[in-house]
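Only one chain is shown below, in structure tokens, and it's the form predicted on its own.
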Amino acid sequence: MNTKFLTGVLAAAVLSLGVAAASAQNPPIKLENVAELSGPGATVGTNWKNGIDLAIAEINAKGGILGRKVEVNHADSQSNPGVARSLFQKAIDANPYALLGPGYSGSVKVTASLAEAAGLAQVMGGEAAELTMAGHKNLVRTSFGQQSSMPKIAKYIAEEVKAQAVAVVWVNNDFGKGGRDMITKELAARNVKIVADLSTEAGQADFAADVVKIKNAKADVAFIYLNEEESARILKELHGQNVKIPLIGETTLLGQKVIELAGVAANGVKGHVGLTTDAPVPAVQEFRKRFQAKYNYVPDHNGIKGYLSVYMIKAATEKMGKVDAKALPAALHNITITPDKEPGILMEVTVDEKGDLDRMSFLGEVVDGKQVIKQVLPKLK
């Protein structure tokens, strides 16, 4: 009996050593995400986080990346750039394979240098033009930068809407300033006059005075470039003051969260949409179903961005054929990822040497409480 007992113990020990050896050979790929999980950017960060988690669950269910499971740690920046920077340093100290986030451009701006100094890839959601123009070699976008989206919007306003006078309403942060600078530049190039240039604050609750200024400016169009909650509030105020001019914006203004919060006030809003779950693309529609089944709500563009961030890392890693954190930033640049090779990428995307993206995008309108895609815009190249 003792012999059988000892034999069992030895067998268990050998099995345990074998499992430990296998784990040592294939340790999990660790990602660190810093996002706006509370504060004014909670909608952005929560969608981003949930998209990441969905992608990781799918990838792990299919065997991981190069046979290794993926793990992620989420940290809450509280929508504060200072907190984001501190958490980013802690994330780097954890020795991850790559860094994810933040979503707010101001937070990306103060964390990008940390990622670059550490030699780690930072796949983020910020859209301010200056982020990639600053020359950070490790920074990669998950959506269009303003230098890509604003020319499309300006062309639409000038050539299709045929506006001659525009009121620009923007949020006074890095995201808003970048958008304001790019849209005014592009409108000026098309001889469209800015008749009102209105700066607002993040978290602002009352837009009555701003709407009065828009009316007094006698604009043909109001271009609105605010965060989600503020976008819904100004739409309600514009509706309440019976403003009838076209309301045009970028992805955020037509987002699912804005439509839900603004209600009937969102109807008629138009704009350029870089990412949307309403895109007439079967893979995007399937993603929407999976996301909604898991989280019980329809994701906005931030949910798609978070999802794509992990699949971009997967595609670049598999192209390298190895898990190499220091080589990953270069692998994520000058790459084209196609759905036939990586279905999780949803739509073909090209990342250039700066980390900027090129892929199809859309012109949309909110009709009866739903975003409707009116036109598909192809890749530029």
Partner chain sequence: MESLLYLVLAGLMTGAIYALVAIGFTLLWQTSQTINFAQGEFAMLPAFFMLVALNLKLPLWLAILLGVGVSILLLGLAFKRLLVDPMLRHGVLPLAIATMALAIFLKESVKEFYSAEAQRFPSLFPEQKVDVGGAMISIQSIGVFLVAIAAVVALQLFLSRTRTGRSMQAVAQNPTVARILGVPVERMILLTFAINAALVALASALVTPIYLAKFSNGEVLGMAAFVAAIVGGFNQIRGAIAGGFLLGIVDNIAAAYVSTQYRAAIPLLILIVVIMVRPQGLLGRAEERTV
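Residue numbers count along the first chain shown, from 1. Note that the structure is a prediction, hence the values are computed from the model and not measured.
The form predicted together with its partner chain is left out here; the points below concern that form.
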- Item | Heavy atom of Gln147 within 4.5 Å of its partner chain in the predicted complex | no
- Message: Is Met320 part of the interface with its partner chain in the predicted complex - any heavy atom within 4.5 Å?
- Response: no
- Item | Residue contact check: Gln89 to its partner chain in the predicted complex, 4.5 Å heavy atom | no
- Query: So in the predicted complex, does any heavy atom of Asn47 sit within 4.5 Å of its partner chain?
  - Reply: yes
- Of Ala128, Ala232, Met182, Ala163, the only residue with a heavy atom within 4.5 Å of its partner chain in the predicted complex is Ala232
- Ok, Val284, Leu261, Ala134, Ile194: which has a heavy atom sitting within 4.5 Å of its partner chain in the predicted complex? Leu261
- Message: Given a 4.5 Å cut-off on heavy atoms, tell me which of 312-320, 63-71, 352-360, 32-40 is the interface stretch with its partner chain in the predicted complex.
- Response: 32-40
- Who in 209-240 is close to its partner chain in the predicted complex, meaning a heavy atom within 4.5 Å? Ala209, Asp210, Val212, Lys213, Asn216, Glu229, Ala232, Arg233, Lys236, Glu237, His239, Gly240
